[in-house]
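In structure tokens, one chain follows: the form predicted alone.
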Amino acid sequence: MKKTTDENKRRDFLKKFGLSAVPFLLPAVSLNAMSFGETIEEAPAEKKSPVNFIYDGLPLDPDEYLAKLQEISKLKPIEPDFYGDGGATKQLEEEFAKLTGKEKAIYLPSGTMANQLAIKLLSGNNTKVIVPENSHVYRDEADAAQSVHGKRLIPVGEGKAYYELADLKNTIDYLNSNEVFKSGLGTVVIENPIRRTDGTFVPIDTIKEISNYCKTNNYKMHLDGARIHLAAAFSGISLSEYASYFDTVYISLYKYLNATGGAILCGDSKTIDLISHQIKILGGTVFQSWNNTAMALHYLNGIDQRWSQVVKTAQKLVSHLNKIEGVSIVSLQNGTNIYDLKLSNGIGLRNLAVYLYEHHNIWLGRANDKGIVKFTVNESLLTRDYNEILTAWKKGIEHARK
């Protein structure tokens, strides 16, 4: 009987996360090593909403996603769009235009398409585009700028979290001095916050300096702001101020707005009015998008207040956990929602992660090669009582002591 119970729990685990996610969610540990069958004094974890210390958003599985859409529609019936026109999609576009202070906004199926079309249209006949060397545009978009849109990406700031005005000027001066046939620089891109540096944000003074320089020299500016709300929450700089220094702004709908996909691009009417045709010729037009836009619209409402509470709760939790012997959680310089967690040799990360998951439905990631766990906070902190979360961690740490 016990063997059957253990196997069912393993199957539930696989169903919830998928086998490929196991190494990411937990330290290196085989499913057979998990003590699913031990006696648990606390309430079963499956009855508790998950608290996720792994990524930016809420961990909604398909059933939960559908239930949330039904809940949203009961409060106010969701209005469908048709090929992006009307309904929840139009409502979301209008809301983002207001939030960013831009004339218009448009829904796109992916962030890559949003970034690439912004770069293409802003640059016009100019072929060069300045990008951060560690950016998503440069590293993660399959050379789309070159292969699809005829734009040449010029990386700046290698080895740095973000480039500064001096780096930009040096790069432009070098290009102007060493290229005989000048094809022209069209757009300067900034990513904020920066995914490859664990979500650190670019200081507002740096953005202002670069923006002033670009305006003086007639260069357009695009913001890859996939997670810009996180930068706003942790830096104290509003979304509208960040957006004011750029011609176009891309924001993701699934990083923390909990849609299953999609992106919003905001800018002036002249640019945004050209996007629909570009989406069509690239095969990105879909019949309806309301299942993504209605979800994002729901979580966009009140996001600043909720993330302000996330910041306060995270700071409180980090402070309490740092008082426990053998636990060190450090915020990053210009950091947002990712901290560095390190445990002493006397605390087993594997045991802690499995205990937190099995007993309390709290998710903790595995360590990197330096023994550091990326301790990521999000709105799931607000779904459970704070003292319950803190107590679970304290019990888990004691359980994991060798």
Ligand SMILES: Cc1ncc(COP(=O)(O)O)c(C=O)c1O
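Residue numbers here begin at 1 and follow the sequence given. Predicted, not measured: the structure shown is a model, and the values here were computed from it.
One more form of this protein exists, namely the form predicted together with the ligand; it is left out here, but the text below deals with it.
Remark: Asn115 counts among the residues lining the ligand in the model of the complex, judged by a heavy atom distance of 4.5 Å or less.
Of the heavy atoms in Tyr254, some are within 4.5 Å of the ligand in the model of the complex.
Under a 4.5 angstroms non-hydrogen atom cutoff, the ligand in the model of the complex lacks Ile272 among its neighbouring residues. Residue contact check for Gly111: one or more of its heavy atoms lie within 4.5 Å of the ligand in the model of the complex.
A heavy atom within 4.5 Å of the ligand in the model of the complex is found for one listed residue only; from Val327, Leu122, Ala226, Ala233, this is Ala226. For the candidate set His298, Lys128, His136, Lys220, a heavy atom within 4.5 Å of the ligand in the model of the complex is found for exactly one residue, namely His136. From the list 207-215, 159-167, 310-318, 187-195, the contact stretch for the ligand in the model of the complex under a 4.5 Å heavy atom rule is 187-195.
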